[in-house]
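Take a look at this single chain in structure tokens; it is the form predicted alone.
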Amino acid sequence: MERRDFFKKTAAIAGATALGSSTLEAATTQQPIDNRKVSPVAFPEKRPLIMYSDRPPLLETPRDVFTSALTPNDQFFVRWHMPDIPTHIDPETFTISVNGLVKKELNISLNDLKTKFEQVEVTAVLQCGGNSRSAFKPIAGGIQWGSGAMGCATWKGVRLKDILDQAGLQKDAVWIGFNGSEKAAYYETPNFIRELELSELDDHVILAYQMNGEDLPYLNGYPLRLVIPGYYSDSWVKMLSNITVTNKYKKLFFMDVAYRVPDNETESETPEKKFPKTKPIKKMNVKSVIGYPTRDSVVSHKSHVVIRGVAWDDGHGIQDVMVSTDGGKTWGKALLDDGKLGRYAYRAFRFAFKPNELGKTTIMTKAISKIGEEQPLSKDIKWNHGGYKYNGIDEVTVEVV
């Protein structure tokens, strides 16, 4: 598909589905988590996904995709903040600029990235900070995502450190600012810019041009995106176009107003009394999601069912996934995959289950990290007004017949 044709095709899809009011309603109405239907149509390069908006594109991956450690590109979730996305990007002329407190300003082409730097790969989970937001009670502001605002891919590109080394940092450099090519429809709306402190850099932070062995899908940030393993996706800037090094933190809307949680031990508050001090969300907490069976699945009495799903955290690694098939009364240990994809990737798990009782059965999973962090019960999740970092024990209820 020619990139220049992308939004022509997208416009046709939007017109055909008459999304206007329905997507607005889906985004603002409280709904049971994961009780949404897949759209009957698909964006280019994507299979039909759960759609919240067509402009900007907001697409969620269905739960049943999460049975293996890698998420297919065409089923990978999509989250844009601004409606104005370039309609054409020419890979032959595209460059990324590196400027600010550097000894040598750079304009690096895609070909330069692929031929003049060491090529590296990292497999990592990309998860929206608002994933599972619809599970918060009472409702929290923002898109009412179910459990599919996430995915795991093998990202290929160049270490950010290597690029900064080529530019040469001046001695007073402290912060790195990143911005992409998406723009707001209204001129006073702030651009989507993120900042990273130099002390947060390691060899796993890369500029990626490939995802699971293919060029980045257009909706996932083609031709280049920032990859920060272990961090929530609001820091993974898409369609990356500029890197600016500074000596002072620059106040920005998406770091100083949005994507923040209360700065207290529980990162919580109440709807009646907001906590006055906040901090940006950064590293992910431990979490698991059941991919099979899905909510309201029907399974046969005394059949052999294999419960499957994925678990992850911020990179410390998953120690165990515990599974309950009786609503939390008893727990057993799931089998984990070999973990060869690395500490930032999903650990796929499976658990054999033979349903011996007819009727409704609730399956629950609880991930435990290698530093002892474990998922809490849903009733123990503390509320925050942004609906961020929800990681309650996952559960699905199935019918045994």
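Counting begins at 1, following the sequence as shown. Bear in mind that the values here come from a model prediction, so they are computed numbers and not experimental data.
Beyond the structure shown, there is the form predicted together with a small molecule, which is absent from this document and is the topic of what follows.
**Request:** Would you please decide whether G180 lies within 4.5 angstroms of the small molecule in the predicted bound form, comparing each non-hydrogen atom pair?
**Result:** G180: yes, in contact with the small molecule in the predicted bound form.
**Asked** Given that the partner is absent here, does K287 sit within 4.5 Å of the small molecule in the predicted bound form, heavy atoms only?
**Response** Result no; K287 lies far from the small molecule in the predicted bound form.
**Message:** Would you classify H81 as touching the small molecule in the predicted bound form, given a 4.5 Å non-hydrogen atom cut-off?
**Reply:** Result yes; H81 sits at the interface with the small molecule in the predicted bound form.
**Message:** I'd like to know if E195 sits close to the small molecule in the predicted bound form, meaning any non-hydrogen atom pair within 4.5 angstroms.
**Reply:** So E195 does not count as contacting the small molecule.
**Prompt:** Within 4.5 Å of the small molecule in the predicted bound form: all of L110, L113 and K156, by heavy atom?
**Reply:** The answer is no: none of the three residues contacts the partner (heavy atom, 4.5 Å cut-off).
**Request:** Select from the listed residues I206, V237, V310, I243 the one whose heavy atoms reach within 4.5 Å of the small molecule in the predicted bound form.
**Result:** Residue within 4.5 Å of the partner: V237.
**Request:** Sort through C152, V227, C128, V321 and report the residue having a heavy atom within 4.5 Å of the small molecule in the predicted bound form.
**Result:** Exactly one listed residue reaches within 4.5 Å, namely C128.
**Request:** Could you tell me which of 295-303, 160-168, 71-79, 269-277 sits within 4.5 Å of the small molecule in the predicted bound form, going by non-hydrogen atoms?
**Result:** So the stretch in question is 71-79.
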